[in-house]
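First comes one chain, alone, set out as structure tokens in the form predicted alone.
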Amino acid sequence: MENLQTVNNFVAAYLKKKGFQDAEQFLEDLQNKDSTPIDFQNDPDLANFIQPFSRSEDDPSRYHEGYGKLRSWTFSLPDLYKRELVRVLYPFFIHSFMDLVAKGHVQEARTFFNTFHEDHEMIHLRDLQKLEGVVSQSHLEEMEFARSLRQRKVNVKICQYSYDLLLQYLRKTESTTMLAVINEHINFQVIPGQSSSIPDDAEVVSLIGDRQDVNQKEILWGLLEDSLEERLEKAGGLLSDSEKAEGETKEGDIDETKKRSVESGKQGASTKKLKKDKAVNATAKAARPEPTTASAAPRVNPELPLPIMPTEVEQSILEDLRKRVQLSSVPLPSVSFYTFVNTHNGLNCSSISHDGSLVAGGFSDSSLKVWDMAKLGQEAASSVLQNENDSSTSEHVMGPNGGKRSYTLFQGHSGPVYSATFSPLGDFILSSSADTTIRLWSTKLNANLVCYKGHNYPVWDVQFSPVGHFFASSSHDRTARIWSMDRIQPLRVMAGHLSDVDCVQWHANCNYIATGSSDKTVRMWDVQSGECVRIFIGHRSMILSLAVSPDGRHMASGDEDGTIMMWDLSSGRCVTPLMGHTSCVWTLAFSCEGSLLASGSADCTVKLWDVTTSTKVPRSEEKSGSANRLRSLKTLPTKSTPVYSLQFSKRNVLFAAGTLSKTV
């Protein structure tokens, strides 16, 4: 009799805890009418129903047993539904693990993790590596990644039939533990139709629960009012195609087959002026340039106080714009490649000024070196190249005018230099380092001007804004920051990524910045408010490079696996993936009119992509995943040189840089 009363009390307590007030009142009334307790033992159906609820909620075996049965059932399904439901196992796995940790069953949680984690390593390896370090309840609160998962529901896209199958199984087997995981941590987005209607991409299971709300915010993606391009267009200052082609030749005198070698610390390279082939000019004359996408972009007002441009600089830029060659799938750009040699694996990053006259390299020995291409050519016959055995020590001892060094040495950091960027005019250069600082250098004075401190961990990337003065940085501390040259403290701190912020890039109108992270997402931030206005999900590995189109409408992102994704900033959706690289995509650059995208990779190639084709995909092709939308115009291989940086000049000459690697 006491056992029956205990069961009655347990049922009443369970109903009260779950908020079933009507059922609780009915049970109480039933007991009051009949003093004889309900006999569960003589009713086998009722006993079987109540048995799962009578087990202690602190029993850790419920998770191992429930998930194990769900996993076995999923793998036994036909392939049509197994492919979709196997992906759904991941949120069940991570939340079962964290529930065990939260309830103090640390040893059982480790056993659970070690038993089932291999099922998810292929897609979620980096997330699993973070969760593997969770060994106590305090870690769930201290680790931002785990805390974010606990606070937000996981969005899962699933077809109607698969969703019905899953719920039918869980109810039939009375898997209350897995049902509780669904209620507390998973938000199913049920899509009508069969499993084939669900795309096979990383967006199917989204750990960022607030993505849809964020992506509904309005983005003003247009260009700035009264820009130089707009003024030139209104003035009708465009030259003919032949004059543009001649202007391109006059700017760089660069042939597509020419490369410049730069020795890190020793070697100066002589540059020979080569005339372009007449056939190239003929092609440029015959091709009628398409109207630029920038001219059709809406105009917006700047949210930041922009610096005033000197008149002589403005005139120089206008001259370059007049002589710009319109690129398309027929007239491809001339390419000048700067190769670092004898770096002894010490080069971490490179940067090229907007006119290609200066090239910088950041090194593991905490130094920043800048080469002037004009001086490099003049020193070709000097003693710099006469003694190939000069030690690096003697070169460092010599001053900038000593004649033995072909570069300008900037020293000040106390850790490896991970990023460098030139100002639009080339008179300043920024560098970021493992010492958590950012330094501003003058290329005119060859001196350090300011040391910016604010990040708590290594700073992976730093980028000047398109108008200069302002710059953005990204760090291991999972934040991005906005700075101005005249203030030593950051103006804005952008926090929200769940892991390292590996790269940062400005929008063309300077009102937004984009950040790429090891959490496999790209975010866009409003520089005025510091709020996240877009979250882009689709990559399967860490994002290493970003580029925004000149009209500000599209963005390209490259990841560790070699995948490039083109995004529409208005909708926050992927327009098309660009597949072709076999290794990390370290750098991306749009041509000045936005018709071409150049990508540089660790696979020692530069690829040129037709952006106008890729961004105008019919909806039928977009849904079917047709490969016809992917158009790689040309692949430019290097001789064992991974590509570190790309830069289009104002006249649409493509500059590239990398380090010669004998191990590739």
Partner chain sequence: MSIVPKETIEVIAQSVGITNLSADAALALAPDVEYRMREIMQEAIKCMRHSRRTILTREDVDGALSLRNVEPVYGFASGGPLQFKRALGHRDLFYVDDRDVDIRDIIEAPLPKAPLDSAVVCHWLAIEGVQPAIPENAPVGAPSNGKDYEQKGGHSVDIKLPVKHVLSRELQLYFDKITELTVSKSDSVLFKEALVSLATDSGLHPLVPYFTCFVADEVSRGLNDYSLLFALMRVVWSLLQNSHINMEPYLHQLMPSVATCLVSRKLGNKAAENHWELRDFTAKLVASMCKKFGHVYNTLQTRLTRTLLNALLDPKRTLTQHYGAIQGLAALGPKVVHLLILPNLEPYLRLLEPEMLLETQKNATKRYEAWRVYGALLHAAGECIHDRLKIFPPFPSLQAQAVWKTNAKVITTAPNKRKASREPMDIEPPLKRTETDVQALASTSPSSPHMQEGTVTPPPSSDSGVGQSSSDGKVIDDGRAGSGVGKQKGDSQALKTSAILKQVWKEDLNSGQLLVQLFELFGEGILSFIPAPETSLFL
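So that the term is clear: the rigid core is the largest set of C-alpha atoms that superpose within 1.5 Å between two forms. Remember, it's a predicted structure, so these values are computed and weren't measured experimentally. Positions refer to the first chain, counted from 1.
Heads up, the form predicted in complex with its partner chain isn't pictured, but that's what we're talking about next.
Residue contact check for residue 116: none of its heavy atoms lie within 4.5 Å of its partner chain in the model of the complex.
In the model of the complex, at least one heavy atom of residue 133 sits within 4.5 Å of a heavy atom of its partner chain. In the model of the complex, its partner chain sits within 4.5 Å of a heavy atom of residue 341. The shortest heavy atom separation between residue 457 and its partner chain in the model of the complex is within 4.5 Å.
Exactly one of the stretches 571-579, 479-487, 140-148, 313-321 approaches its partner chain in the model of the complex with heavy atoms within 4.5 Å, and it is 140-148. The partner is absent here; in the model of the complex, the one residue of 363, 169, 161, 188 having a heavy atom within 4.5 Å of its partner chain is 363.
Of the listed positions (334, 515, 591, 431), a single one reaches within 4.5 angstroms of its partner chain by any non-hydrogen atom in the model of the complex, namely 334. For the stretch 90-122, the set of residues having any non-hydrogen atom within 4.5 angstroms of its partner chain in the model of the complex comprises 106, 107, 110, in sequence order. When two forms of a protein are overlaid on their rigid core, residues whose CA moves 2 Å or more are considered shifted, and residue 108 is one of them between the shown form and the other one. Taking the rigid core as fixed, one finds a CA shift for residue 317 smaller than 2 Å between the shown form and the other one.
For residue 306, the Cα coordinates differ by under 2 angstroms between the shown form and the other one after the core has been superposed. The distance between the CA atoms of residue 579 and residue 126 is at least 3 Å shorter in the model of the complex than in the form shown here. Closer approach of the C-alpha atoms of residue 128 and residue 579, by 3 angstroms or more, is seen in the model of the complex than in the present form.
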